[in-house]
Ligand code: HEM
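Next comes just one chain, in structure tokens: the form predicted on its own.
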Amino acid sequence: MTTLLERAFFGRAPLPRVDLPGPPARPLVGWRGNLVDLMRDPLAALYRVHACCGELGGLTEGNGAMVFAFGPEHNRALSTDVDRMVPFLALFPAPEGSAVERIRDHILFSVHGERHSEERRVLGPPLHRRRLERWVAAIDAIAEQHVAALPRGAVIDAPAILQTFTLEVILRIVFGVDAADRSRAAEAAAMRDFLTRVLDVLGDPSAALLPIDLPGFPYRRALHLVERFEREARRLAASSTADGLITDLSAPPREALTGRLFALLTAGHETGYAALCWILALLAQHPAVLAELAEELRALGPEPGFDALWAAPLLDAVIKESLRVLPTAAYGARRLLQPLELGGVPLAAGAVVVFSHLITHHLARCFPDPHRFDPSRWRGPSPSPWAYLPFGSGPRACPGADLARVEIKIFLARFLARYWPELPEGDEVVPKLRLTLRPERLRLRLLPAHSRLPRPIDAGPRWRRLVAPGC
């Protein structure tokens, strides 16, 4: 297991010691036990390192192989110095010629240099807000269909419903697939199933911990599932209508198509659905904000135009504050190509540096009373892009940020016109960090809008770690 861990994450033994604090190494297994802890529960591991070390620490004391750097100054260094480092994705090893290798070698989130610039030129323009306006009517129709089908007064599984919504949006935008078209409904359902399963398997640490290509091992299952995802995505692309983004994604080289599809079909919907979950949970716990937001949206009329929604000040502030308190992109990592001094500590080439949007957003020096959900804080000057980075910053900022904001604003306008969310008494909200920060479980009771305000509940210790009690 030791050799497999080193091969999966570092490619060799840990780098020389550095003068850094760190949590104690696990008995018997040492730093490798800390690495397993990070993979099993990244959220707890990030908080453990920050509590132990402050804004700069190692996986263990003196560990120079994996370093944790929190705060805007470190974020800036890790986001702008692109020539000295590459993104580090904790994906399992990719066999030569496999679909996993094609994703790793071409996905925007991991490529470097000119290849990264080329992928941004392909993916960036189609996802700009003004280009997305042609999809507003389609997104609105999908949102209305989903909201109208919700049972008033019932308790719903919010992640399942919101994930289906954002998946339908991305399938419509990329492939031109309309789920209402019976002839293509089966294709859309099959792709939604594949995407859900692929995300689950890529977030499962056991595939990376034991990269053994033998029957019965999660690693083999993961390889086969990603191969099937690629075949299904390419088949769907070949039969797509001309109005989807697939035309833009099919730009040469041909082997880059898998990575581009994976980037849009996974990250393109994952960010939106997780953010919607957190926004509704936060509004349920903060009824005064909910009532004020509902009034703002009602004043825009029953069919608000897109420009009016985009400019609505409280709606914008609620989304920004939700993404601050509970950023779906909660952490990332870089592997150093050259030696780098970070916070006065010299790090060797090959070191992996982990940074965290979540920890930075919860630093009191960046945001006073940081665990409090307070949209009014956005009435003042905007924070620096290194202190607030829900979609990343610099050359590696997520090109899908506008898409996420568009679908979030449209869905909230439709949803809050009919329902107000309430957390059922006795429920616990459990944040789970894998590829993104999303709720492991989130049930919401649908109250008729403008009937009574939801009653905030004690949502459990893991919720309270991130969010101060509501009011």
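As the structure is a computational prediction, the values presented were derived from the model and not from experiment. When you see a residue number, it is the position in the sequence shown, counting from 1.
Below, we refer to the form predicted in complex with this ligand, which is not included among the displayed structures.
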Report task. Could you check which residue among Ser322, Thr258, Thr328, Gln163 gets a heavy atom within 4.5 Å of this ligand in the predicted bound form? Result -> Thr328
Report task. Only one of Arg372, Arg221, Arg120, Arg197 comes within 4.5 Å of this ligand in the predicted bound form by heavy atoms, so just point that one out. Result -> Arg120
Query raised in the report: Should His116 be classed as touching this ligand in the predicted bound form when contacts are defined as heavy atoms within 4.5 Å?
Result: yes
Query raised in the report: Is Gly176 a contact residue for this ligand in the predicted bound form, using a 4.5 Å heavy atom cut-off?
Result: no
Query - this ligand contact in the predicted bound form: Leu171, any heavy atom under 4.5 Å - result: no
Query raised in the report: With a 4.5 Å heavy atom cut-off, would you call Gly400 a contact of this ligand in the predicted bound form?
Result: yes
Query raised in the report: If we take heavy atoms and a 4.5 Å cut-off, which stretch out of 307 to 315, 153 to 161, 105 to 113, 226 to 234 is in contact with this ligand in the predicted bound form?
Result: 105 to 113
Query raised in the report: Even though the chain is shown alone, can you say which residues of 246 to 263 have a heavy atom within 4.5 Å of this ligand in the predicted bound form?
Result: Ala263
